[in-house]
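Just so you know, structure 1 and structure 2 below are the same protein chain in two forms, each on its own as structure tokens.
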Structure 1
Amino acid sequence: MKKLFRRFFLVDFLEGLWVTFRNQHPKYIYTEQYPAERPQIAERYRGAPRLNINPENNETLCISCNLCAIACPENLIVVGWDRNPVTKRKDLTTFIYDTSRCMFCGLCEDACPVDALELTQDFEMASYTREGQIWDRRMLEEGPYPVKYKS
């Protein structure tokens, strides 16, 4: 009798719908409206690389120690330097970071003794070409610059 009642009044069906309805509460909504709304990125997020510069004198913090290049599992960092004859220090000339091969493991960041190389919270690194994925020193310091097309 009870079974018939449940079947006649679609009780099971309504119970299922109630579960679905309950889950429509706004606190259960996790969808990110990405282009319209920026997602919340964690502080430690390992995203686009950045080569930090000293804000006071606009000089790079990098001391050209090459440790990041040694630590990288994919060997995608190339550091170039000149020996400064006056100060006897290494001066950074080139810094190439191939983001197309990077797996964002963070080992380069850990290896850096002066916190010059950093993986930032920026995650928008798409480019139209493969060459655009290879970041040079200027891109690493200033962020990726958009390709300028002829009008």
Structure 2
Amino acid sequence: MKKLFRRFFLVDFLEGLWVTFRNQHPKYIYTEQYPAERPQIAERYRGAPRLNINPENNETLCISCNLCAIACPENLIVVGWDRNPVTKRKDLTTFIYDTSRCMFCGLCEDACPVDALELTQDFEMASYTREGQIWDRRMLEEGPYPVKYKS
């Protein structure tokens, strides 16, 4: 009988509503002023990828070993290279990174022997098209440009 009474009068539903409304008091509400004030990012957060550049000669640190592409479980990294006949080394020609499919696991970052690829704390990677999520070498070296809003 008690079970039927609780079901008929929706007691469980009303108790749930009471919990919701009890916690919606204005003193419990916290609003971040996001565009004007940037949020604090956790130290170990993995966000936008970046190809690091050697500050001495202003060239990328990538040695075109392709280990990042091999380590990636999503197969979203494409490394293109040409053999330099003078130095007999690989020269990086293209580096394509598809951020739309990336799960930001950091395996590519761990596989890189020269720390050329890293996942930064940049989190603003939105674009209006899918093609905007496919980053080329230039975009990876420069990084995303967050919009500065005026308050």
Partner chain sequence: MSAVETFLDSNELVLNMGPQHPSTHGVLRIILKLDGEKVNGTECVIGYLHRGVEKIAEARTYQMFAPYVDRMDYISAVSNGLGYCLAVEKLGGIEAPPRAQAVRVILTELNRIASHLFWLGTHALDIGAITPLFYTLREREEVLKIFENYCGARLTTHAFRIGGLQYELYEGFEEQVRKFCDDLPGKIDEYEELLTGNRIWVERLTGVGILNAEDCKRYGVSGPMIRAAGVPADLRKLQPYCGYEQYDFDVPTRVNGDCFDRYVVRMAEMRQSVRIIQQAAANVPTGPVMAKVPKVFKPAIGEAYVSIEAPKGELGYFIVSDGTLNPYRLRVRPPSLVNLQSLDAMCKGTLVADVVAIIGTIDIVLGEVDR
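All residue numbers here refer to structure 1's sequence, counted from 1. In this text, rigid core is short for the largest set of C-alphas that superpose within 1.5 Å between two forms. Being a predicted model, the structure only gives us computed values, none of them experimental.
Only structure 1 matches the form predicted in complex with its partner chain.
Between the two rigid parts, the smaller one rotates 53° against the larger between structures 1 and 2, as C-alpha superposition shows. When the core is overlaid, the C-alpha of Glu43 ends up 2.9 Å from its other position between structures 1 and 2.
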